[in-house]
Each structure stands twice: as C-alpha cells, then as structure tokens.
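Form predicted on its own, single chain, as structure tokens, below.
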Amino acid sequence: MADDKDVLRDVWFGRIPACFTLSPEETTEREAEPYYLLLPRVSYLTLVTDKVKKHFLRVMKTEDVEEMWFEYEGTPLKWHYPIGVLFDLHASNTALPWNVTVHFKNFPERDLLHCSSNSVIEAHFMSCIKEADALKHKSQVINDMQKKDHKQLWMGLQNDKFDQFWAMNRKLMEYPTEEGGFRYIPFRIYQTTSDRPFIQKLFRPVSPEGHTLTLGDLLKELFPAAICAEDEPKRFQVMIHGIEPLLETPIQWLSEHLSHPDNFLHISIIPAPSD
C-alpha cells in the first residue's frame, strides 16, 4: 500500500504552470503585467485565483469590474470542472505555461455558472461527493459522517492540506472485501468534440461473473472509438490527471487512486495530436 499512498500524494500535488493575462477588451489605467501561478490540478479556478484578481484590480477602475471569469483561446473555462480536467480537455498538447485570459465584464451567461463566493464552490464540491457516495455506498458513508467531517473534506481541499483531507476521505474509499469494489464507479467522461457536457452511466467495477473490469471495458461500453486495433492509427488520447493510464488498469483501482477530491474519476477524451 506504500506505493499506492505515493500515487495519492502525486495526484494531490500535481501542478500546472499558468500565465494569466488581462483581456485586451478590459479598460485599464495602466498596462497590466501578466501574472504567473502554479495551479493545483485537483482544485477549482475560482478557489485559487484570489491573487490573480488582486493583481489585475490594481490597474482597473472599480466601475469597470464585474465578475471575474477565464477563457482559453476563445473557450470560457467552467470553474466547476477541476482545473486538471480543464487543462487536459483544452490545452494538454500545448506548450507551457498555460495561457489563460482574464475577464471582468461581458460574463458569458450561456457558458458559465456564476460564482459569487467560496460557499458556492463548497456547495458544488459537497454535492459531487454526496452523488459519488450514493453510487459507491448508497450514501451510507457520507450520511454517517458529521457536519464537521464534511467541513474537514472541504477545508482540506480549500487549504491544500493532503493529510487533513485524506484522514476523512479514506472512509469514502472503503468497501467490503467480499464485494471486490464499490457498488458503482463514479466517473465522468468529457470530450471537446461533443455538445454533451459529459457522459455518466452506472458501471460496476466487477462483472456479474466476478471478473475485474478495466478502463478498457468502460470505454468499450461508452466510447468505443477510443479503442483502436493494433494496426490502426490512434484517434484519441484518454487522459486522467494528465497521463494516459493503461487500458487494462482495473477501474476500481483508478477510482480509489486517481479520483479527484470530489470522488469522481474525471476522464478526458481528446483527439490524438497529428504529428
């Protein structure tokens, strides 16, 4: 298990170097320098960009400032998706740092949810955890926790405290040995080439015959185009936390070790780069 703990730690401390620049559409009193930041993959944009906001507000008039939002190459970035998912989905094959544009007006109502405070992020995060536990344990684990335990999960994420978060989150990752895994795997499959936000379906980690099911089995059922024959050129990359796991990896192991703090396995499927 020592190696597995290292995986959890590596996932938690994954970072993306980003360069935030103010949109040329914004009115400023003097030139706005770009702002560089290491973004935690497992967090949310609106949770870790207070410094970005303060940096740009210095050069702006108060009356020109509305809600801050971000875009990458014309695509508004959904703050309620984890940062790592946004990067894998939109920018994984581009040079670093990730160039993110900052806006303070013309909020894209059709594309983004409003985020007026951290309590909005906390509510979204906790609702994801509750949904994941409904799939894994019929909500029994999360319902047995006290309010302060829920708060510990949130504070662990908000303050980037790995041990504080995992002291509580490990309870959400347990299951009876004889069952061989969770009731269902909480996962979401994202793709840039679809109008659907993501694919989500009931999927058990063990087949009715008792076989351990893999990432490949999940894709065969939900996105068969991602699996190519040996003699075919690769059409898609299947990314989790910026890596392409082997298709024979058990989905239960992935769920326990590569889920985001919201307890979902976020899988990005992007067109393979044509070299």
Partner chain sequence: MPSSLLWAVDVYGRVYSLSTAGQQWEHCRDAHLEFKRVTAVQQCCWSIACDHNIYLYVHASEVPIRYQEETYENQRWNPVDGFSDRLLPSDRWQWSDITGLKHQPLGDFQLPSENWEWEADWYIDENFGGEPTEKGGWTYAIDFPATYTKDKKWNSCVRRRRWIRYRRYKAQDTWVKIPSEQTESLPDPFNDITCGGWEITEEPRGCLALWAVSLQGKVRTQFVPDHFYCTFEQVWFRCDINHHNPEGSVWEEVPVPGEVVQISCGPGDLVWAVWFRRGVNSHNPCGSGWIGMVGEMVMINVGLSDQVWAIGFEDRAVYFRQGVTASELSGKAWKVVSVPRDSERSHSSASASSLQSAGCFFGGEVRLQSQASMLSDADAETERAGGEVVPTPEIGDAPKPRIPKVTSDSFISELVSDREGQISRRDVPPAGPSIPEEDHPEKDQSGGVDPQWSNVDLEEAQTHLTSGPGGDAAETSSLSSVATYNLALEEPYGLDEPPKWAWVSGGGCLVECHTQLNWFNSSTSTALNSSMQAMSLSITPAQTAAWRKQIFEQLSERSKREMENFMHYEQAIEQSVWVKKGTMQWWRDWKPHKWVDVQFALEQFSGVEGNKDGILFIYYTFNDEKKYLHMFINEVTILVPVLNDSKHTFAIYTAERTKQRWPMRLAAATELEMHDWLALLSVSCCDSRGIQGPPSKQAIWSVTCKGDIFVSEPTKELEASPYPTPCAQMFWRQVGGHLRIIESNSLGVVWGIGYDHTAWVHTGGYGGGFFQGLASSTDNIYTQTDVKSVYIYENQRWNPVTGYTNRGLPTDRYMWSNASGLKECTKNNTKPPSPNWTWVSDWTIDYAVPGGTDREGWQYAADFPASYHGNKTLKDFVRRRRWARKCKLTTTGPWQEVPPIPLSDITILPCGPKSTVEQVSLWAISNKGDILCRLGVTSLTPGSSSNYGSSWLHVGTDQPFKSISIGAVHQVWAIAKDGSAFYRGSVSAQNPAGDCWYHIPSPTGQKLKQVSVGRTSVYTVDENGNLWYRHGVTPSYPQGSSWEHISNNVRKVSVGPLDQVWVIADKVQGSHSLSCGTVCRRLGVLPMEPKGHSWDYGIGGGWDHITVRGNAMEAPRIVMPSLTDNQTATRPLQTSNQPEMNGNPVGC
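Residue numbers count along the first chain shown, from 1. Computed from a prediction, not measured in an experiment: that's the story for all the values here.
From this point on, the text means the form predicted together with the partner chain, which you will not see here.
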Exercise. Heavy atom within 4.5 Å of the partner chain in the predicted complex: which of Phe107, Phe198, Phe162, Phe203?
Worked result: Phe162
For this session: Check each of Val59, Val65, Cys228, Val48 and return the one that places a heavy atom within 4.5 angstroms of the partner chain in the predicted complex.
Result: Val48
Seminar exercise, completed: Of 242-250, 217-225, 65-73, 26-34, the segment with heavy atoms within 4.5 Å of the partner chain in the predicted complex is residues 242-250
Exercise. Does the partner chain get within 4.5 angstroms of any non-hydrogen atom of Leu96 in the predicted complex?
Worked result: yes
Exercise. Would Ala134 show up as a contact with the partner chain in the predicted complex if we use heavy atoms at 4.5 Å?
Worked result: no
Exercise. Does Glu174 reach the partner chain in the predicted complex if we count a contact as any heavy atom within 4.5 Å?
Worked result: yes
For this session: Answer for Ile185 alone: is it within 4.5 Å of the partner chain in the predicted complex, judged on heavy atom distances?
Result: no
